[in-house]
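Quick heads-up: it's one chain on its own, the form predicted on its own, in structure tokens.
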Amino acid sequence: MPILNADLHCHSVVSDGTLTPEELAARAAANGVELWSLTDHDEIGGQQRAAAAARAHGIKYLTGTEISVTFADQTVHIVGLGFDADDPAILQGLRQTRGGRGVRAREMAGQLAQAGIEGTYEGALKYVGNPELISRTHFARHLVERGVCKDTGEVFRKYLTEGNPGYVPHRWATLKSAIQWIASAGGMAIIAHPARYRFTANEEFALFGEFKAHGGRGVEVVTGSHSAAEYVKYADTAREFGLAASRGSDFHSPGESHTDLGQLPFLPGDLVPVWELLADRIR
């Protein structure tokens, strides 16, 4: 497998990042990224801009998104790569998925108000390019701005997570639906950052088994939130389930992300990289 600096997971202002697609492309180019994908949450509105910016910097590009799904009562993220961004099924599916965020955000703000922190919905909106995509990250940035917490990590430790004020669960798309939307648009479905989910060993095995059964084809092995031991673990999982391997920083912001675009170890050499299976979709 040729060594390739591919970064196939990051976010722009179109969802919950702080840089524009153009700024991300410039940063990726400066960091030596050779193949890039913008994977905004439940949204593909930045794809044309990202692809054009990638071309301008001489970077190869794959269309991307990160779809929120509910599995075993937890939120799991499925990255889609290499799909047709004009496909009606994926456009409609993402529209439906975005639809529940506004109601959830107002419930989060209500819980925070009960905890003595008023006005968080309006505060979070200042960080949102598209109100349909308001998320916990936007609330976290607002709480840091107000001095409630020193950084977004502290916000998530004290608020917005299960058992703390501001946590509101949401029923997202099903795993099957998300995979079908991506596949019907000619793309590949990939399990994002699997080490982040709080599954038992049996639940994780069920996730990978169902994912593969529905047509899922890849897993992020090397990603910004994985440790070196987790790279090894999920390389083994990729081999066990016959999945291709992906690599992505999950970069959101220069001030928040501990892994920059393109600054990751390379994939283990014996794994099949997702880009080899998506060669005809690279632009």
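Start at 1 with the first residue shown and count on from there. Small disclaimer: the values here were computed from a predicted structure and weren't measured.
The protein also exists as the form predicted in complex with a small molecule; that form is not presented, and the subsequent description refers to it.
Colleague: Please pick, from Phe71, Tyr121, Phe199, Phe156, the one residue with any non-hydrogen atom lying within 4.5 angstroms of the small molecule in the model of the complex.
Modeller: When the small molecule is considered in the model of the complex, the option within 4.5 Å is Phe156.
Colleague: Pick from Arg171, Arg146, Arg95, Arg104: which has a non-hydrogen atom within 4.5 Å of the small molecule in the model of the complex?
Modeller: Among Arg171, Arg146, Arg95, Arg104, a heavy atom within 4.5 Å of the small molecule in the model of the complex occurs only for Arg104.
Colleague: Picking from 86-94, 180-188, 206-214, 134-142, which part of the chain touches the small molecule in the model of the complex when contact means heavy atoms within 4.5 Å?
Modeller: Stretch 134-142 is the one.
Colleague: Taking heavy atoms and a 4.5 Å cut-off, does His41 contact the small molecule in the model of the complex?
Modeller: Output for His41 is yes: heavy atoms within 4.5 Å of the small molecule.
Colleague: Whether His252 contacts the small molecule in the model of the complex should be assessed with a 4.5 Å heavy atom distance threshold; does it?
Modeller: Answer yes; at least one heavy atom of His252 falls within 4.5 Å of the small molecule in the model of the complex.
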